[in-house]
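Next up: just one chain, as structure tokens, the form predicted on its own.
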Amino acid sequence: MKKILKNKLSQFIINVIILAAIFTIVQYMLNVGILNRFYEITLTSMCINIILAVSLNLINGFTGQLSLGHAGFMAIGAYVSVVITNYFELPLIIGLIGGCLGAAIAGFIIGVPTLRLKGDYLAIATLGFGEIIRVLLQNIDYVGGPAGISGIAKQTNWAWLFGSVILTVIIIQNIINSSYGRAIISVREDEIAAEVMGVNTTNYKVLAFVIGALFAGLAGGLYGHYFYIIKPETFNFLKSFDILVMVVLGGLGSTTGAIIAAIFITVLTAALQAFPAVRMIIYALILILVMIYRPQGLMGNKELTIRSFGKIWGEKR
């Protein structure tokens, strides 16, 4: 028992040191100007995409529900948080909390009726709700209608982004490793067997959906307070598709896989931003190749840890 606790403590300390080093190095590079505006935007997009991919992976990967409306929850988080900070002049933390709660409430309202559906029917329903959210925002003059809200104060910085990514990963991983997480995974593995064993599958599907929507709202709030302007068209179904690509590429049921895929897709998008048509072709080719040669994704349902690196290093030696 003492050995297990000692190993966990040592792994925790190593993780903290690595994360502190990453934060400090990037912050220094930003302060001295080593990372220019292009790299700063890429870094911001990377962090936001990690939050989106990890949160959608909870729904699609761990719960096994095909959701295509994640961009809609991101839109709600962006608009609610910006209204709170710009219109009511409240602090960013209040805006982000409001955006998270707004997206979570929307996730609950949408999830209760739709999560009784399965497979393609659920995908179509969530896609429809995502588009409904976008169209509603286009027709609300209070938030600018189709033109959106502009002149948003830039309050999102590296500290907020890094802290939000760490918070998202820690909370979702702790949920997965808890009794709730085991019940959620049982829904994915065999929903009928889970129901026979007494698991209320609908409740756990709604729980995963609400938590995923909450963190999508957080990503939206960070997005809105960095890019100065938010428009309904930014959060269309193509954005949901982009997030889904990250989850599928990384591996359904792998948090580290979702993180790796989000980083890869963000860098690829930044490199090909002058060629949007080529980017979509490459997306399609990547998905085809993954489905043929690695249908379980880059990581499958496995996680990449310090311990696994140690094992690989030990085997090589």
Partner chain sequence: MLKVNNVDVYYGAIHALKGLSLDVELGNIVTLIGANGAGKTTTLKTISGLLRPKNGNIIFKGKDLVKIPPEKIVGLGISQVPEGRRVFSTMSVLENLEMGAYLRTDKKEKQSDLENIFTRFPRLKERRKQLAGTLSGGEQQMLAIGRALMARPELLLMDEPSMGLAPLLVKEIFAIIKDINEKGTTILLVEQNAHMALSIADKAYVLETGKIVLEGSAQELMHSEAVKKAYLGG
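These numbers were taken from a predicted model, which means no experiment stands behind them. Positions refer to the first chain, counted from 1.
Omitted here: the form predicted together with its partner chain. The next part is about that form.
Pick from L117, I93, I132, A193: which residue has any heavy atom within 4.5 angstroms of its partner chain in the predicted complex?
-> Spelling it out, the residue with a heavy atom inside the cut-off is A193.
So which of I105, V199, V169, A123 gets a non-hydrogen atom within 4.5 Å of its partner chain in the predicted complex?
-> For this set of options, the contacting one is V199.
Among 149-157, 97-105, 176-184, 224-232, the region lying within 4.5 Å of its partner chain in the predicted complex by heavy atom distance = One stretch meets the cut-off, namely 176-184.
Distance check, R188 to its partner chain in the predicted complex, heavy atom within 4.5 Å = So R188 counts as contacting its partner chain.
Give a yes or no for Q11: in the predicted complex, does one of its heavy atoms lie within 4.5 Å of a heavy atom belonging to its partner chain?
-> Q11: no, not in contact with its partner chain in the predicted complex.
Is the gap between T24 and its partner chain in the predicted complex 4.5 Å or less for some heavy atom pair?
-> Taking the distances in the predicted complex, the answer for T24 is no, it never comes within 4.5 Å of its partner chain.
Taking the shortest heavy atom distance, is N301 within 4.5 Å of its partner chain in the predicted complex?
-> N301: contacts its partner chain in the predicted complex.
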